[in-house]
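Shown next as C-alpha cells: one chain only, the form predicted alone.
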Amino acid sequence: MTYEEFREEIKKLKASNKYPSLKSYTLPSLWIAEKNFSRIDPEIIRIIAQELELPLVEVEEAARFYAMFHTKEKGKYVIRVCTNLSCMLNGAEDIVSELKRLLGIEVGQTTPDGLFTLEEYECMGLCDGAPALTINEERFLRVKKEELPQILKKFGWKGE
C-alpha cells in the first residue's frame, strides 16, 4: 500500500460514519496502517492527523501506547507469546526459549530475513488455552514446544 492509498482508506473510513467523532477513528486508522506497512512511521502518523484533524502528538501517543502497533520495523509475521500467569504456569517460558533457539533471535528482535518478530505479550484473554501464542491474527492454544517447528513452517520458516 502506498501513502496515498492509505490516505484514501482513511477517507473511506471517515465516510462510513461508524464512529461519533473524528478522534474515534484513530485506532481503526492505526490498525489499517499496522496491517499494511512494516511499521507505523512519521508519515503515516502525519496522514492520520491531517485526515482526522487531530494534533500530531495525539496520533503519535496512541501509536506508541498500544503494544499492538509497531513504530519500529517488524517482521512479516509477529509471534506473540502470552507470558501472563496462566500461560507461564503452563509452559510459556519454555515456548519462548524454544522460539528464541529456533529463530536465533531474542524477544523484541526480527529474524535477519525479516520473516518473524518475536514478542512476549501480557494476557491475550486465552487462559483456557494456555500456553497461547498468536502469529499475526492466527491463534495457537495449548502449544507444546515440540509443535513449534511445524507451526513455524506454516509461515515459511525453513529451519531444521
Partner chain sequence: MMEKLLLRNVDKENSHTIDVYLSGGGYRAFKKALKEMTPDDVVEEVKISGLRGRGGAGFPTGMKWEFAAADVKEPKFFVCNADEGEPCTFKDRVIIEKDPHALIEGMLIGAYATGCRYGYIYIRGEYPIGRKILERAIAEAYERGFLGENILGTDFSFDLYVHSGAGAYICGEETALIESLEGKRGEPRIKPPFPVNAGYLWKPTVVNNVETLANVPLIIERGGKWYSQIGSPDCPGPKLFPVSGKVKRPGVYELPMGTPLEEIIFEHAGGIVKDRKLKAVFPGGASSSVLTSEEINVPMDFPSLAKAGTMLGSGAIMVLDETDCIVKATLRLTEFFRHESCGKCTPCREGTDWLVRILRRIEEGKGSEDDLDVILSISETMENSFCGLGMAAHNPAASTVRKFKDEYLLHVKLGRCPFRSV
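Positions refer to the first chain, counted from 1. Just so you know, these numbers come straight off a predicted model, no measurement behind them.
Below, we turn to the form predicted in complex with the partner chain, even though it does not appear here.
Chemist: So which of Ile47, Leu102, Ile32, Cys127 reaches within 4.5 angstroms of the partner chain in the predicted complex, heavy atom to heavy atom?
Modeler: That would be Cys127.
Chemist: Contact between Val78 and the partner chain in the predicted complex at 4.5 Å, heavy atoms?
Modeler: So Val78 does not count as contacting the partner chain.
Chemist: Residue-level question: is Thr26 within 4.5 Å of the partner chain in the predicted complex, judged on heavy atoms?
Modeler: Looking in the predicted complex, residue contacts with the partner chain include Thr26, since a heavy atom lies within 4.5 Å.
Chemist: Test of understanding: in the predicted complex, would Lys12 fall inside 4.5 Å of the partner chain by heavy atoms?
Modeler: Residue-level check for Lys12: no, no contact with the partner chain.
Chemist: For Ala62, is any heavy atom within 4.5 Å of the partner chain in the predicted complex, or not?
Modeler: Yes, Ala62 sits close enough to the partner chain in the predicted complex that at least one of its heavy atoms falls within 4.5 Å.
Chemist: Could you list the residues in 54-78 that come within 4.5 Å of the partner chain in the predicted complex, counting only heavy atoms and keeping sequence order?
Modeler: Result: Glu61, Ala62, Phe65, Tyr66, Ala67, Met68, Phe69.
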